[in-house]
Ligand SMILES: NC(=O)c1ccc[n+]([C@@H]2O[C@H](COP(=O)([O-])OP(=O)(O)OC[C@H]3O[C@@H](n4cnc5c(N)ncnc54)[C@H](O)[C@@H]3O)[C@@H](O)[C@H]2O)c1
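We begin with a single chain expressed as structure tokens, specifically the form predicted alone.
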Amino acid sequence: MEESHDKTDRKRSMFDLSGKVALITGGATGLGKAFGEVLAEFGADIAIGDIDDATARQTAAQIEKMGRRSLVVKADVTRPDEVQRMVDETVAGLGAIDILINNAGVTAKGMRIHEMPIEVFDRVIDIDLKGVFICTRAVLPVMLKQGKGNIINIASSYALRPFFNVCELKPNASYVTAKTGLIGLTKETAVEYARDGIRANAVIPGWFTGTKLTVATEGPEYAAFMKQYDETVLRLTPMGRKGDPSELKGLMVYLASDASGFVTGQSFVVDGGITI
């Protein structure tokens, strides 16, 4: 019986995040919130970087009820000064940054390239791709000093399957470009810093419930489009449903922990089969 307990403890230790600090951008709601909760469950302390300060504090309070330390820093990932402050306050408040989850992101209303205003394209690229570069660039000196680190970037199934040529879905060049570029940035980060003890991987989610991307916020016309979008995605997804944020938790713990210690530069697709 004692030997059985020892084996169980060894299995759990593979995923143990005790003493680790995770910084999550866009960590107040949606997938970011789910990531913070599960990493805290496995022992990590959580820093939340988000422009929604009030909601981030509510999420931090929930994490603290789990017995973990939590810190909130209001930060816009497109502003290098705010990102640097986020990194500095995380290190000062929690002592390290072992895990960076680049989760903050937006999308834009679907339209063809010749119809898309340059400022719309720029906004998505600035947040979803350049913002990841800015955050990664700011955190890397911390990880280099520590001699270890783990970066997890949240991409999208749009990076693998742009949807313009599948039925009635509208194209979105800004989002596709940002998320495709993010996979390249992940690989480059992995190659450049592998011998410094720093890993980088990407998660490629499909259509999930509970994210801001699923909320219709632009009036009746956009709500009607989102209803059509929902129906089309469900039809195209072999599993015939959306994902639940809880279905990303196991992968997040695996990538954040020593269980994936020899894994870097990889992209993990969790999409119910839509990109097959």
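Sequential numbering from 1, following the sequence displayed. What you see is a predicted model; the values in this text were computed from it and never measured.
Below, we refer to the form predicted in complex with the ligand, which is not included among the displayed structures.
Q: Decide whether residue 50 counts as a contact residue for the ligand in the predicted bound form under a heavy atom distance cut-off of 4.5 Å.
A: Residue 50 belongs to the contact set for the ligand.
Q: Residue 46 versus the ligand, in the predicted bound form: is there a non-hydrogen atom within 4.5 Å?
A: Taking the distances in the predicted bound form, the answer for residue 46 is no, it never comes within 4.5 Å of the ligand.
Q: Give a yes or no for residue 39: in the predicted bound form, does one of its heavy atoms lie within 4.5 Å of a heavy atom belonging to the ligand?
A: It does not: once the ligand is placed as it appears in the predicted bound form, residue 39 has no heavy atom within 4.5 Å of it.
Q: Verify the contact flag for residue 193: yes if a non-hydrogen atom of it lies within 4.5 Å of a non-hydrogen atom of the ligand in the predicted bound form, no if not.
A: No, no contact at 4.5 Å.
Q: Within 4.5 angstroms, counting heavy atoms, which one of the listed stretches 113 to 121, 147 to 155, 92 to 100, 193 to 201 is next to the ligand in the predicted bound form?
A: It is 147 to 155 that comes within 4.5 Å of the partner.
Q: Which one, 71, 134, 160, 127, lies within 4.5 Å of the ligand in the predicted bound form by heavy atoms?
A: Selected residue: 127.
Q: Using a 4.5 Å cut-off on any heavy atom, which residues of 23 to 47 would contact the ligand in the predicted bound form?
A: In sequence order, 26, 28, 29, 30, 31, 32 come within 4.5 Å of the partner.
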